[in-house]
Structure formats: C-alpha cells, structure tokens
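We begin with a single chain expressed as structure tokens, specifically the form predicted on its own.
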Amino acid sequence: MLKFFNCDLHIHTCLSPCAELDMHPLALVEKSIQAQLDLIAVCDHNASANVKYALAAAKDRIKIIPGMEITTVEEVHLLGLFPTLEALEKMQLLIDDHLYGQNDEDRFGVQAIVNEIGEVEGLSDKLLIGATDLSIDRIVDHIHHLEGLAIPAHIDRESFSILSQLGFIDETARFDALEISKHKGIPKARLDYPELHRYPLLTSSDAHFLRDIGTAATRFLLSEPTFAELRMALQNFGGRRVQED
C-alpha cells in the first residue's frame, strides 16, 4: 500500500565547514526523528566520512540515503544520492582525485569527522568548500554509473546553482530531479520556471544547523522510505510520485 513519507534529502553534518559543530551524526538523527521525518539524505560538501556514522546512529529509527553535495568546475552544487554506502565511497575516490587545496579553519571553519556516539574521530584538512575540476556532465555520468541520482541543488539561489552559474539547463541534461530552496518552494517554482516542466521538483532544508532540519521537506508517495522507492517516485512509476502542492 502506498502512503506519503516526509523526506528531507539535503542535510549537512559538522564535516561541512559551513555547518555548526553541533551537527554531528547522532544529533542530526535525533533532530530528524523529532522533526517527524521518515527519510533523509546526508550530503556534506565534497565529503562523505560522516555518512557511515549517521547510518550507525540511525539504526532502525529512521532511513538514511548516503549522499554528497559536489561542487563542479562550473561552481555548481550538485547532489549525488546513492543506493549504498559503498557506491558513495566509490564516488568519494573520484572527488578526492579532483579536489585541491587545504582548509583554512580560521576562514572556513572546522571540518569534524564525528562517530555515532558523538566522539571526534579526526579533522579533514581538505578544502571541502572548494570546487572540483570535474564538469557537471562528468559528475552526472559517474553518479549514474554508480546507480545514483543526480540532482542540481537549490537551482533558484543566486550563487552556486546551475541557473546562477550557467543561466539555463540544457535540454540534453540527464538530471533525475531539480531541488528548489525552501525560500521559494515547489508551487512557485513551477510558475517561475515553466520551461523546466519535464523535471520532477523537490525541496529540502539544506540544513547546516540543527534548528533547520525538517524546515523544508518533500512528501513522496511510496510503499516504504527507501532509495529504490524514491527513484520510482521521481520517475512517476507504479503510482509513486512527488506531492508538489
């Protein structure tokens, strides 16, 4: 039987330099449950080390999709959502080979790797706030090779979005959906971007602070909150769908 599930598919942890240190995996999981979310995706900037700890903290209490927010050479933020942690870790190997520079904690913030019980495992010295030298097309190809979903993030924002950087979305682009920021929402986006009618839209909190988790979410009609069901909903298959109003 199909029913609606509340999904926030873009949440950061304290590994992202612009997120608060309180956004460690256990706190993130507990806040997501408190916000009555059924499915979340953990998507740090160009990084994934905290995802396995979020999965461990969640246990069977909430479903988590392994993800990453990747910055392309065009300085576009692109969400990659993956069916397994192993697929995400393979994506990380590519990103590590194409991301350069070291973090400046005073300028960008601490990038903390924290385990499922809140213990600091280490600090990343990579410039996670930076851009890779990989094009949008190459990243999308690799995400799809790993059977993941490729979703340009917050397309309506004035920075680090595909529309702010390129001004348009190519008709040949093979995105699985487009993310709208919580400030605009899906109904207004449909009015503002009629040319994007062929893409499913979703909205997320893009939370960098605990208080923001669940402040925007998308309701999906699914049989259960899983990656496979999410994919079917984005394809409008088998009665699964995104609720846009």
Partner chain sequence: MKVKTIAENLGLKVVCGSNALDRDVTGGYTGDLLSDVMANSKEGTIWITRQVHQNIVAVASLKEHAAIILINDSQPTQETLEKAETESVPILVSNLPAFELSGKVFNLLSCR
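Everything numeric here is computed off the predicted structure, so don't read it as measured data. Residue numbers count along the first chain shown, from 1.
Keep in mind that the form predicted together with its partner chain is not shown, yet the notes after this line are about it.
The chain is drawn here without its partner chain; in the model of the complex, the stretch among 110-118, 167-175, 145-153, 83-91 whose residues come within 4.5 Å of it by any heavy atom is 167-175. For the marked spot (Ile11, Asp44 and Leu78), a heavy atom within 4.5 Å of its partner chain in the model of the complex is absent from each of the three residues. Looking at Leu127, you'd find every heavy atom of it more than 4.5 angstroms from its partner chain in the model of the complex. Taking non-hydrogen atoms only, Asp137 approaches its partner chain to within 4.5 angstroms in the model of the complex.
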